[in-house]
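Below you will find one chain, with nothing else, as structure tokens; this is the form predicted alone, and questions on how it binds or moves follow later.
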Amino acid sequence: MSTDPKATSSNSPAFEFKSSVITVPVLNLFSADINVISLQLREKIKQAPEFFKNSPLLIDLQGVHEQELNLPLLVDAIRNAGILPIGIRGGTQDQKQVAKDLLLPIMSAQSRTTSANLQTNTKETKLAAPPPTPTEKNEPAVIENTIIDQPIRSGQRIYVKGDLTITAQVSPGAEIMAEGNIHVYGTLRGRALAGVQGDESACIFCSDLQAELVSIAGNYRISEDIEESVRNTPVQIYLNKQALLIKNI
């Protein structure tokens, strides 16, 4: 077989660019003290180690733009905690130049990304999400329903714009996300995030709850905060006045 690169047709594309929606945790900084940030970050990660393990992270500097921040030390602290910084948002011109030197992209301060809002001393944390895209007046919203009949394996990440129905199991380490409702007719062992664009009416239904994390419109619970009475049972998960409720069905 010829290995001459000239033999390869120039008409065969080697790649393509596609737009995509990806949820990324955002670290909103309120302090420039690296020691305090590192300590609290590690404590937060202990609450949901699989959720944050090797997770990309956007660093938001808008809350510390008037403080002196050692960005290289901060990046090292985040990486040492097992998280991968992918860029910064906001910050001073000096901080942006340091970020460029560290090969970190500069995101628009106006961009909105689903945020893990890494705060301490809370079992149920609010994940800030971008507002839903407004529809034209008098134009009925079309809700898509994606059906997957194959198991979602560890490491897989699924994102759909409407509702998501899975007729198989979701494995540990897998993540399923939907802008609408999520239905899992098998065992849910991974992470399930419904209403990721801020739809507080979204729900999660599953036949066997063993999830690492469940979230509705940014409000989430990790496995350690799920009551034993609803584990390994069919459940409905929904919001009621910003409280994430899990009910047997």
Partner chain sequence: MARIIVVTSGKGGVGKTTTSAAIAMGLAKKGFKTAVIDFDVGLRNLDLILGCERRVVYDFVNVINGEATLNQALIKDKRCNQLYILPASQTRDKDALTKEGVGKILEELSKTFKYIVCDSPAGIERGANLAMYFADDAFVVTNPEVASVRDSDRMLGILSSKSKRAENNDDPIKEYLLLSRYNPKRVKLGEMLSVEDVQDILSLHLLGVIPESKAVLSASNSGTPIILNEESNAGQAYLDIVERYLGEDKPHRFIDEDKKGLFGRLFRS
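Numbering follows the first chain given and starts at 1. Keep in mind it's a predicted model, so treat the numbers as computed, not measured.
One more form of this protein, predicted in complex with the partner chain, exists but is not displayed; see below.
Exercise for the section: Could you tell me which stretch in 154-162, 100-108, 84-92, 175-183 has residues with non-hydrogen atoms within 4.5 Å of the partner chain in the model of the complex? Expected result: So the stretch in question is 154-162.
Practice task
Determine whether any heavy atom of R191 comes within 4.5 Å of a heavy atom of the partner chain in the model of the complex, and answer yes or no.
Solution key: No, R191 stays farther than 4.5 Å from the partner chain in the model of the complex.
Practice task
Heavy atoms within 4.5 Å of the partner chain in the model of the complex is the criterion; list the residues of 197-233 that meet it.
Solution key: Only a single residue, E212, comes within 4.5 Å of the partner.
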